[in-house]
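The chain that follows stands alone, in the form predicted alone, written as structure tokens.
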Amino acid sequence: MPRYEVLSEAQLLEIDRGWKRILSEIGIQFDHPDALELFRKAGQRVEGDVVFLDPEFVTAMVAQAPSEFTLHGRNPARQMHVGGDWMAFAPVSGAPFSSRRGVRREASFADHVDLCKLCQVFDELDTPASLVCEPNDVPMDSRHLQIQRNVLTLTDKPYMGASISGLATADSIRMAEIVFGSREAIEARPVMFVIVNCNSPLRWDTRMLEAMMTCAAAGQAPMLTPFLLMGAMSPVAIGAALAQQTAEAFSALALCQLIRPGGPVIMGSFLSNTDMQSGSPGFGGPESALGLLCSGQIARRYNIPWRSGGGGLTSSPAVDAQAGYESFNTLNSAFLAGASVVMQSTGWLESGLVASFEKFIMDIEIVKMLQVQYTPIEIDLAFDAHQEVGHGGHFLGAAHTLERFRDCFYRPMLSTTENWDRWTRNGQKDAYTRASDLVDRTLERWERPSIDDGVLLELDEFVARRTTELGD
């Protein structure tokens, strides 16, 4: 479908002028000697740990990155196309708390297992990502191993590697080598992306750089994401924030291309605002939507895949009407903007602090609706039905209707069309209650995807050994 473009050519040129000035006059801080040396050898000016980048050099590096690529799942039928006309969807990521049947608590390993199962069952999600919630009952230093094992064994889709450090990313890559056969195999057919966040403003820190460089060297896809809340991590002006976001993302993209020319990368965006009364982050409002629309337009201008920062975003602490209308606002905007990868598509609650099982189901309904809504229309005039029914009749029994009634319209998974009497007889279940019930029924539908016993044994031996080495 056509993409919705809100920036004029003059505005795009002004944003171009902004990011180029930031890179060349203010520079970007890179807290890693290897990154600094790579830029120095490429002829860029390095002063201390700040790199001043030539805009022409950066533009050439951006042009070198592939405009689209494919991530491969364990199941050959599960592929995640990134870029071009494709859109891929991922669930909530990074939530330290979970919520189910009205109980908010620290997220657990069992929650992570169940959320991975939901990601496997719903075809609307192309990837489980990996950190659908933080399993706080698993030791921090080795937590990434258990998370990676879950996404590799409970699902068979492309997934997200760990990015909390270079060592964690290296562990993720080693686990992928075990499951997919070899380092050569995953370099030839990449299987994962890794989210690395800029420490905005204008700083890439050591841990993120180590994760980014390890990922890029292995031929996997770094997702280079400035996380900007206007008024806190960027100026309050959206033009200034877009210029900063582009400068931060492009500086990291250039580094990745120095490490592996032509390697897959994804430009990230996560642009919203700070509530100027409370200082709290604001998600799901007009600024979140504009950030998506503008970021998509900039990414298309440079022909690179991009990750949208939403997703079903909301600041609401409850699965209520606010959560619904804010999430629809940002999910719809991600479609209009043509996001390559839509992170936080399902389950995000309370500004991302909570992975909600019920909202996961509600967001799946929104994604399903929008996927149908934005599918190009096929014209069928059904003239034979008009001839059959004639004047003043009805089409319920027409041959055209009887041939198509099973799939002619979208059939909601969660929503109800019951009238008051029927809804009352059936227990007056609201959307939240129906979503809770659907969580249980969906988990019952989950089937463990097959994996070779020898591969599983080697994977478990690696996890056990590394868990012991890393300690608690």
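Rigid core: the largest C-alpha set superposing within 1.5 Å between the two forms. Sequential numbering from 1, following the sequence displayed. All values reported here derive from a predicted model rather than from experimental measurement.
Omitted here: the form predicted in complex with a further copy of the same chain. The next part is about that form.
Proximity of 37, 109 and 213 to a further copy of the same chain in the predicted bound form is absent: no residue of the three has a non-hydrogen atom within 4.5 angstroms. Comment: a further copy of the same chain is not present in this chain, but in the predicted bound form one of 79, 199, 165, 142 has a heavy atom within 4.5 Å of it, namely 199. This chain appears without its partner; in the predicted bound form, the one residue of 194, 88, 71, 319 with a heavy atom within 4.5 Å of a further copy of the same chain is 319.
In the predicted bound form, a further copy of the same chain sits beyond 4.5 Å of every heavy atom of residue 137. Within 4.5 Å of any heavy atom of a further copy of the same chain in the predicted bound form lies no heavy atom of residue 126. In the predicted bound form, a further copy of the same chain lies within 4.5 Å of some heavy atom of residue 415.
Residue contact with a further copy of the same chain in the predicted bound form: residue 96 places no heavy atom within 4.5 Å of it. Checking 116-124, 364-372, 143-151, 258-266 against a further copy of the same chain in the predicted bound form, the stretch whose residues place heavy atoms within 4.5 Å of it is 364-372.
Residues 277, 278, 280, 281, 282, 284, 285, 286, 287, 289, 290, 294 are the members of 277-309 with a non-hydrogen atom no more than 4.5 angstroms from a further copy of the same chain in the predicted bound form. Core-superposed comparison between this form and the one not shown: the Cα of residue 182 travels less than 2 Å. In the core-superposed comparison between this form and the one not shown, residue 376 has its Cα shifted by less than 2 Å. Taking 2 Å as the criterion, residue 388 counts as shifted between this form and the one not shown: its C-alpha moves by at least this amount when the rigid core is aligned.
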